[in-house]
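First, one chain by itself: the form predicted on its own, in C-alpha cells.
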C-alpha cells in the first residue's frame, strides 16, 4: 500500500465503512440520505483520469457495488453518482440514494439544507447493513 491519507474534511464528515480493493468506503454523516463516498487509496490523485487504466476499471466496479449496496439496503428511487472535488481535491466519488420524497428532490443534495447527523443506534445499524451488503457481493 502507498502512503494513503484521507483528506481532513472527509475524515470529519464521514464514518469509515470498510476498505475495498481500491477504495476506502465512507458513510456521509447525514441521515437524510443513504450516501457513500468512495476514495481511491492512491496518493496525489485528484481526477479519475489520474488513475491507471486498471484502477479506473476497479473504481467503476466498486462504484457499482456501492450502488447495489445502497439499492438493496435502502430501496431508493434513483442513485446519483458524482465526482466533483471542488472543496476536497482528493479524488472521491459520491454514491447517493435518492427518493422522490427527500428534501432535495429533484435537485442535487449539495446545498439542500442542514444535514442530520446519525444517532448512535441508527449509525451502527446503517454501517452494519452496508458492510453486509458489500461483503455479500464479494466486494
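Numbering follows the first chain given and starts at 1. Quick caveat: nothing in here was measured; it's all calculated off a predicted structure.
What comes next is about the form predicted in complex with a further copy of the same chain, which is not displayed.
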| query | finding |
| --- | --- |
| 4.5 Å heavy atom contact, residue 103 and a further copy of the same chain in the model of the complex | no |
| Contact of residue 114 with a further copy of the same chain in the model of the complex (heavy atom, 4.5 Å) | no |
| In the model of the complex, residue 46 touching a further copy of the same chain (heavy atom, 4.5 Å) | yes |
| Exercise: residue 37 in contact with a further copy of the same chain in the model of the complex, heavy atom 4.5 Å | no |
| In the model of the complex: members of 95-115 within 4.5 Å of a further copy of the same chain, any heavy atom | 98, 105, 106, 107, 108, 110 |
